[in-house]
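Heads up, the chain below is alone and in the form predicted on its own; it's given as structure tokens.
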């Protein structure tokens, strides 16, 4: 276990988040995709990012697998490691929002408490939009794009969410999309509509 930092002090930026939002022409937020492996989080997150890019909105996708290639490459998949994984990415997502960019995250993030802690990190409660990507376990397992469910069933992957580790679905997410009944475009349309209703998008 690494020791905590000491003798560190917070320095306020001269350029404030409000200044960056004013220049960008839209407020910033953290759009947090959560759902089982294979539910479609990364696909939806990247399609949303492209749609926002086309509308001149500054956004960036923080993907679970990509983050584990670098920043969180030292973490495993125990409950404690999963919690630390989400804590770190929550801090990074907050920095993106402070920098004037809409942070789009795609993580299983199986524990409600961990997601709630990220929400609490942000300056305003409305800055955190939880998107529950709903899809039945059997559908996700049929898709199994990475072959992970097959490995989990055979015992090759311990503590796999949905099989040998729990997934706690959101109780009151801002947005719910169902990838077993709707296609990618329909799901992203739904998210765009909510963002527009809440004032996160500049007028077309």
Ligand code: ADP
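The shown structure was predicted, so the numbers you read here are calculated from the model rather than taken from an experiment. Positions refer to the first chain, counted from 1.
Beyond what is shown, the protein has a form predicted together with the named molecule; the following relates to that form.
Whether residue 36 contacts the named molecule in the predicted complex should be assessed with a 4.5 Å heavy atom distance threshold; does it? Close contact exists here: in the predicted complex, residue 36 approaches the named molecule to within 4.5 Å, heavy atoms only.
Counting only non-hydrogen atoms and a 4.5 angstroms cut-off, does residue 44 reach the named molecule in the predicted complex? Yes, residue 44 sits close enough to the named molecule in the predicted complex that at least one of its heavy atoms falls within 4.5 Å.
Using 4.5 Å between non-hydrogen atoms, is residue 28 touching the named molecule in the predicted complex? Contact check for residue 28: no, nothing within 4.5 Å of the named molecule in the predicted complex.
Does the named molecule get within 4.5 angstroms of any non-hydrogen atom of residue 179 in the predicted complex? The answer is yes: residue 179 has a heavy atom within 4.5 Å of the named molecule.
Going by heavy atom distances of 4.5 angstroms or less, which of 151, 143, 55, 68 would be at the interface with the named molecule in the predicted complex? Spelling it out, the residue with a heavy atom inside the cut-off is 143.
Those residues of 119-137 which, in the predicted complex, come within 4.5 Å of the named molecule by heavy atom: Residues within 4.5 Å: none in this stretch.
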